[in-house]
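Each of the two blocks below gives one form of the same protein chain as structure tokens; they are labelled structure 1 and structure 2.
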Structure 1
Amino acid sequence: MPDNGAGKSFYERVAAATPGGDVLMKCLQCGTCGGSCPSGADMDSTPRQLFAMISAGMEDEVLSSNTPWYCVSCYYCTVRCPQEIPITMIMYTLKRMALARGHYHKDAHINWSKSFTNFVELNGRSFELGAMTLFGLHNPFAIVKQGGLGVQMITKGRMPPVPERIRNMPQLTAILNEAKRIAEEEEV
């Protein structure tokens, strides 16, 4: 059913956009998530703090936080949460919400995600050398710092110079376009 999210609180929208997200209301504020997080030290707020902020309706603060962008998607918090909250998936939801409103933390790695996804949508396969080069256009510094490693990877035969392409690209494109249309019916 189309759902534009109108009239719903920030909290309700986050929960609705996450598979199994309705258990977010059961957060005990125990902090196991932040304590387990391998990249937690670099986050503005731990997941626990972020969930309290979501309950308090602090939409702007949450969506401009660096927390979701420092999530490495290892699901450690998810498997340890005593309330079985899908924390990692909530981080993905917050990333998408921040992107949709076009205003996110400066450390958001959206150019990396875009560079990677670009080749997947074009060829049906990822292409590391291409994604790194495209990303490098936004971050020339990365090319300088990681260029040497790139050369080593190429000489070891671990970074093919040309992308692979699947045969039935029209089919994949049709599927992805339809999926994007479906996603547009929703807010996130």
Structure 2
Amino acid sequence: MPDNGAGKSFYERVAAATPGGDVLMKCLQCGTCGGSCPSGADMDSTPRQLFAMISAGMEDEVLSSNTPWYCVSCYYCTVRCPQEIPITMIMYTLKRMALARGHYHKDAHINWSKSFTNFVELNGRSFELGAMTLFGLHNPFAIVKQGGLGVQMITKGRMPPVPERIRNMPQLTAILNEAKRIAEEEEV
């Protein structure tokens, strides 16, 4: 049964809801996370700033921030963190908390999420270039702004130019269909 957080501070609720989140208190405020983030330029607060806001109990500001929604789950921040803080997992926690409160950032773009999900359903994994292209149809200025980074990622082999498909798609399709069925039952 999920903890409703009664009597706990915002910081305590975030830490408790995140696997390994109890190490959040070890944040040195070094900024490595924000400096590592490929989406950092679009975030209204760096992860470091968000963690300071969490510690300060600024729940409304944190849950209204676009920062968790721009996290692309690359785990680069988590890998580089000198304190081994599960930063990406904290972003997932903040997204869940924001959704539970009826908040999501207007710039989160539901089309981005749908394109990501569609590529996973078709190929078993994300296709970043395709998702960015679809996103660019709705926001061409973002593509221009991030175009140089995209070219660098492709030339360095960090973003494949064509979708890659996993081997056992029928098994993944069965899993995804069951997850959808369960989600539909819970909505009723």
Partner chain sequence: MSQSTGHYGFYPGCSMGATARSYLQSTEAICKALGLTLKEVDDWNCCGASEYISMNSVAAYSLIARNLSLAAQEGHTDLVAPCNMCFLNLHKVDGYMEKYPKINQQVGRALAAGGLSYKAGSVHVRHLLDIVVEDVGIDAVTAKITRPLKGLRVAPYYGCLLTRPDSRYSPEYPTHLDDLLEALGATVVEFPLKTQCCGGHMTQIKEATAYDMIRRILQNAAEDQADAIVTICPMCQLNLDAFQPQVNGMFKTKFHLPVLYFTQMMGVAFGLSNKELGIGSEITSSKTAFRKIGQEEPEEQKSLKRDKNALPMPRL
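Each residue is numbered by where it sits in the sequence of structure 1, with counting from 1. Remember, predicted model here, so these are calculated numbers, not experimental data. By rigid core we mean the largest C-alpha set that fits within 1.5 Å across both forms.
Taken from the form predicted in complex with the partner chain is structure 1; the remaining one is not.
Superposition of the core reveals a Cα shift of 2 Å or more for V162 between structure 1 and structure 2. After superposition on the rigid core, displacement of the C-alpha of E178 between structure 1 and structure 2 amounts to 2 Å or more.
Once the cores line up, the CA of M43 ends up less than 2 angstroms apart between structure 1 and structure 2. The two forms, fitted on their core, place the C-alpha of V120 9.9 Å apart, compared between structure 1 and structure 2.
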